[in-house]
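Just the one chain here, laid out as structure tokens, in the form predicted on its own.
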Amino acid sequence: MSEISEDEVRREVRAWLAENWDPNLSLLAWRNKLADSGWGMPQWPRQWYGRGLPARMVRIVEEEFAAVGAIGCLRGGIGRLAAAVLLEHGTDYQKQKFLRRIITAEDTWCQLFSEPGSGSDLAGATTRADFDGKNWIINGQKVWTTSAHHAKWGTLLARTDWDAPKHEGLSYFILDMKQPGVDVQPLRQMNGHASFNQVFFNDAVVPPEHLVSTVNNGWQVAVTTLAYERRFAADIARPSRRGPREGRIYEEERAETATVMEPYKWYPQRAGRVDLIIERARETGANHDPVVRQEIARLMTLAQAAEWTARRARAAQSQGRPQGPEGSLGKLAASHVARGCARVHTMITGTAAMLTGADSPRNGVIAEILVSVPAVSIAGGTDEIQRNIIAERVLGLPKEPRFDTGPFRNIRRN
């Protein structure tokens, strides 16, 4: 059977939108239509609310949605990561229970990975999961958890075997964040936002059917999560701007953006806002400075090369190839682009880049860029972690000597 063409996909989605799109629908009613039709996540399998299309066709669908101002699924946030992991590692029960409600955004998610003593060394997690014969009982602490303050579910990495080596004694769970044994405490960032939280578990309960994959295979599931996280890092969805954006569905989307997407609104600044560089240079006159022009050219070259790397990763995905090192290459490139943006924004704006508030350049956006950019080199795996991955998996260099082998309970740790 020949593969469907881009023109066929375009005609099909265009006809479906003509028959179904209505800005006066509720956001939930519309997203239920997306789940039923498969157009919300067309790259997902047909049996799990998709249409089984190659990943490259997603762009065609998005273009047709944008042409009429139609709203798609909530593509940002941890729910998207959870869905990708469940599609690869989850049971049919888990897919049936969680995937549709991720599409409709009825459930929000967070990722319970990092701990005070195991951030970059994720495999050193000490939050424990003990099976009492009926349920898994969770005790410990996580930190830097985005959206935990309003999440319904969390993807949790916890230690289930203290006598196994550190990477082999972890398991991956789906945890109910609204139960009594979970205490969420927000953390304030230096850019003024409070996207992150620390989370404490005191005899929190996870039923056995919420174990993802098998006991002690959590590290493999976590690696899948991180690979997708690096791929999705720069892909926080923005609402369609075409058309008058009047109607119930747009009002509800704006409310959703103000709540569910609130923790992510500074992410464009975290990435450096390369889109503002040339515009800012022109409005300040810095484009006449040959040194600044040279730095802008260097930055734009790097940004374009990073985009090509991202396209190569998407092409590999569309061909069904497994997650490769492109995620780490792209993640590291994003760090270099972000830091380059901070440097060039500072050159363009000068000392005024330190000002915040209504009287500062771009209403405080430039200052927010400067204090947000460092996060890119930390979140989702530090630059040092990405360099290790690239060195070992791309360049074939030997692994660094390890001093944390043997039973985890015997390993020195924080």
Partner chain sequence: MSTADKPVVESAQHIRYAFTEEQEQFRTALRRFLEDKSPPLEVRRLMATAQGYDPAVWRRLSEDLALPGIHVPQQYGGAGFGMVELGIVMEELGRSLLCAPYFSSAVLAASAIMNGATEEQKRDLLPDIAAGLQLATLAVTELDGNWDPRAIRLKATRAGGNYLLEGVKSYVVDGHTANLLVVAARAADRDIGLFAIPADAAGVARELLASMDPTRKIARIEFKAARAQLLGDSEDGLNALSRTLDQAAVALANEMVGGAQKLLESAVSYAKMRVQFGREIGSFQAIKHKLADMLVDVELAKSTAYYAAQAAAVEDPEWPAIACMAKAAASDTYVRTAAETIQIHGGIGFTWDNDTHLWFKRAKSSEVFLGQPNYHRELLMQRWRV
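Treat the numbers as computed from the prediction; the structure is a model and nothing was measured. Residue numbers count along the first chain shown, from 1.
A second form of this protein, the form predicted together with its partner chain, is not displayed here; the remarks below concern that form.
- Heavy atom within 4.5 Å of its partner chain in the model of the complex - the one residue of 22, 12, 392, 404 that qualifies: Only one option qualifies, and that one is 392.
Report the residue, out of 216, 304, 284, 91, that has at least one non-hydrogen atom within 4.5 angstroms of its partner chain in the model of the complex. By the 4.5 Å heavy-atom cutoff, the listed residue in contact is 304.
Query raised in the report: At the 4.5 Å heavy atom threshold, is residue 227 in contact with its partner chain in the model of the complex?
Result: Answer no; every heavy atom of residue 227 is more than 4.5 Å from its partner chain in the model of the complex.
message = Taking its partner chain as it sits in the model of the complex, is residue 253 in contact with it (heavy atom to heavy atom, 4.5 Å or less)?
response = It does not: once its partner chain is placed as it appears in the model of the complex, residue 253 has no heavy atom within 4.5 Å of it.
Does at least one non-hydrogen atom of residue 56 fall within 4.5 angstroms of its partner chain in the model of the complex?
Close contact is absent here: in the model of the complex, residue 56 is far from its partner chain, nothing within 4.5 Å, heavy atoms only.
Q. Just to confirm, residue 388 within 4.5 Å of its partner chain in the model of the complex by heavy atoms?
A. Yes, contact at 4.5 Å.
*Residues in which of 207 to 215, 146 to 154, 179 to 187, 331 to 339 have heavy atoms within 4.5 Å of its partner chain in the model of the complex?*
Residues of 331 to 339 come within 4.5 Å of the partner.
Would 106, 271 and 350 all count as contacting its partner chain in the model of the complex, using a 4.5 Å heavy atom cut-off? No, none of the three is in contact.
Partner contacts for 290 to 312, taking its partner chain in the model of the complex and a 4.5 Å heavy atom cut-off:
Contacting residues: 293, 294, 296, 297, 298, 300, 301, 302, 304, 305, 306, 308, 309, 311, 312.
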